[in-house]
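Quick setup: one chain, the form predicted on its own, written in structure tokens, and binding and motion questions come after.
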Amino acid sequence: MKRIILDCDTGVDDALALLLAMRSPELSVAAITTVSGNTTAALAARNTLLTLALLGEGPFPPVARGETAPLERGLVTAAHVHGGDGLGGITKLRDADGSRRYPEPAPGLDPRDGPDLILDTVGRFPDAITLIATGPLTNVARTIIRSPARMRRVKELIVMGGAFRVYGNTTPVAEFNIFADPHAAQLVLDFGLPLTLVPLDVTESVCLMRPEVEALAEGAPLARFVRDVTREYTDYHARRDGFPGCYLHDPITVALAIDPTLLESAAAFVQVETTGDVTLGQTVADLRPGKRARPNARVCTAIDAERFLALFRERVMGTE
């Protein structure tokens, strides 16, 4: 069993990634930390507790609110994609009796901040933690700044971020998580942990389509949540990209920890543009055959989409 920390900016796809992680016997979730990105760190913490509550009674891993702003630049969020509550507006949904379909979760945040919870968890399980970051890398960078020696005991880091051979989803060249805090991303790359990037190159090759979600929503309770939480998210992609579905960026990142054979990757020397007016947040790597500089990361380049979707359906939507 792989012991993980999930560091997330809990919007729509983070919530789905969290459910996948919690419902996968290959993983043991030791801690969850939130960071500002898709929404604020505070709302991300609330959304994390709400998502965990869908799983019934605990015990659940400790959840801590982390960094509220990037290292050096101003805060940017993705409310236009994930909704004002970060979960596609589900906190406003009401059932026929007028009650909230997804009630406010009970208080339950850990008193530590996100970086301290990460450091304490790594200290409890040295050389045994896979840190999965599905939001901007601000928390991860802060833990490195606070205790580089402790962070050297992280076994591996898996990051949803970057765009290499495809367009960005925030600017023509930048993916959102890296764009939101490019300085943190460069600091983490420079630190030298075993690092795998799960970029748009693979996450935008897999779509969860609305007709399938609607068909399954009358089955398992979590399938109804998937329908509700992805409705506005799918509307966004229908308007912007012209298809009735949504991408599963963060669940794919968690799936790599569950089954590394789902994705292919290549070693690369990756850098982040931190100063460009037009290229801020761009991830740059020379992936040409025979042109490899000293690698500091692995970059995922392909995914078995059907096998991943089968895993997601079974674990999160309750289908075989």
Ligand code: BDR
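Quick note: we count residues from 1 along the sequence shown, nothing fancier. This one's a predicted model, so the numbers in the text were calculated from it and none came from an experiment.
The same protein has a further form, the form predicted in complex with the ligand, not shown here; the description that follows concerns it.
Mapping the unseen interface onto this chain, residue 250 counts among the residues with a heavy atom inside 4.5 Å of the ligand in the predicted bound form.
A residue is said to contact a partner when one of its heavy atoms sits within 4.5 Å of a partner heavy atom; residue 200 meets this definition for the ligand in the predicted bound form. Looking at residue 175, you'd find a heavy atom of it within 4.5 angstroms of the ligand in the predicted bound form. Taking the partner from the other structure, the ligand in the predicted bound form has a heavy atom within 4.5 Å of a heavy atom of residue 38. Taking a 4.5 Å heavy atom cutoff to the ligand in the predicted bound form, the contact residue among 186, 196, 130, 169 is 169.
Interface residue among 160, 137, 118, 229 relative to the ligand in the predicted bound form, by the heavy atom within 4.5 Å criterion: 160. Contact annotation: the ligand lies within 4.5 Å of heavy atoms from the stretch 176 to 184 in the predicted bound form, the single such stretch among 176 to 184, 206 to 214, 220 to 228, 141 to 149. Contacts between 11 to 26 and the ligand, taken as any heavy atom within 4.5 Å in the predicted bound form, involve 13, 14.
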